[in-house]
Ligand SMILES: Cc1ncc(COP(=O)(O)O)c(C=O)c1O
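The chain below stands alone and is given in structure tokens; this is the form predicted on its own.
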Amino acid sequence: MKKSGKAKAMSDVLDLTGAFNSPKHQHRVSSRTSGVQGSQILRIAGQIRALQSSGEAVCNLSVGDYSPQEFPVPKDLILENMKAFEEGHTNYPPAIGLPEMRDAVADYYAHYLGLRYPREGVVITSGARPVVFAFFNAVLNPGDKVVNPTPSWNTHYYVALCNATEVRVDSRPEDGFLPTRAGLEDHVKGARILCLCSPGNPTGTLFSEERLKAICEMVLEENNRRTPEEGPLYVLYDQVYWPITHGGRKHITPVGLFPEMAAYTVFVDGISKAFAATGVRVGWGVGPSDVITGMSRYTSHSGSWAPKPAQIATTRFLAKRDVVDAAFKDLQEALEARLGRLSKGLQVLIDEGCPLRFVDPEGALYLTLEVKIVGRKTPDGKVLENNEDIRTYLLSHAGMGIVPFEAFGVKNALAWFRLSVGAVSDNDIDSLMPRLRDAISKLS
């Protein structure tokens, strides 16, 4: 009987296994590509998934994402997305973003942050990552210097992709792993970008007004010192977690402190973290209109604009102030409670003598933890010498998935880790504590 459709018989399928190995040509990808490393966080996530699939109990504190079961997307945002598809908004949007979406972001910033930007100061992207990529490409020439306080999210990968020069400045535990003016001012001379993030990923801490004010004064002084022929020092201000502040703390922005910082600040933001909508892929950059226009050229050619239905839905969602207010409140309170539960459990172990220390969470979904077991010996005789040893031991013996600070650019971060509560339940946290106690007690 004749086969229907266009399916090929198996005998007609060309097997290309092994056809891509070329012994003649050694350099099949660029040196830049070879220098971009894979994400350590994703590697760890793969190990955790393998353990979970084999039936192991794992408290996955590694992922900077939300479990939809624990932290669902606001229902109104879901319904608006469905409605936008049903209405047929499935063609290309403008590369810089729909005009109504850009206006919605401008109104959102005016209402919640007290910052009125024109439409020309907003670009819409597929999540927050393309904002960083486009900004770096728009203002950096090869070899330009980017000052990157660490620990920080994966900014260093984008420096490499732009053939720029990264200057890492490690922050101290006593400063909440946040940068200070004193730590930065020797490095900003001649730099084109200073990267800042608050609330911090991976730290879970946020800038006080006093500290951010001192850094902004430094940036303004540096720009006033430069001649017109020199490029300015910009600030990349990653504030994707800004609605999530704990303990009554307030989010602070450079432009809110000094209006003149508007000429030098590009905000990275979106719905991913503020509304637990990481997979919906709507982000935005806000800043000087000339820089935003330059950034849109890169988002255009890379095709990194947000899907049109998601832009329509987000525009409508952001206009519902009462719904947005409720979504902010629900997510913030839920995360603060989850972080509080984790902190309380860890404090019980500390009071019992476990060699742990943590930084009080101030924002976002993260807790910074020190696990002081370097030099101790496992039951099978292995000495724990570094963070990878500690991480692997806790994963296999306590079912605790965490990320070392090396994944966030810190070279000297012995015993420090990021813990995220976005994908764990109360029961996951409660069940972890006796396993962690038992795993540490077995060390000699």
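A residue's number is simply how far along the shown sequence it sits, counting from 1. Note that the structure is predicted; figures quoted are calculated from it, not measured.
The next section is about a form of this same protein that is not shown, the form predicted in complex with this ligand.
- In the predicted bound form, this ligand sits beyond 4.5 Å of every heavy atom of residue 138.
- Contact annotation for residue 153: at least one heavy atom lies within 4.5 Å of this ligand in the predicted bound form.
- Although the partner is absent here, residue 197 lies within 4.5 Å of this ligand in the predicted bound form, judged by heavy atoms.
- The closest heavy atom approach of residue 246 to this ligand in the predicted bound form falls outside 4.5 Å.
- Contact with this ligand in the predicted bound form, defined as any heavy atom within 4.5 Å, is confined among 183-191, 121-129, 352-360, 289-297 to 121-129.
- Scanning 80, 238, 166, 222 against this ligand in the predicted bound form with a 4.5 Å heavy atom cut-off leaves one residue, 238.
- Contact annotation: of the candidates 148, 315, 201, 368, the single residue with a non-hydrogen atom within 4.5 angstroms of this ligand in the predicted bound form is 201.
- Residues are counted as partner-facing when one of their heavy atoms sits within 4.5 Å of this ligand in the predicted bound form; in 281-305 only 281 qualifies.
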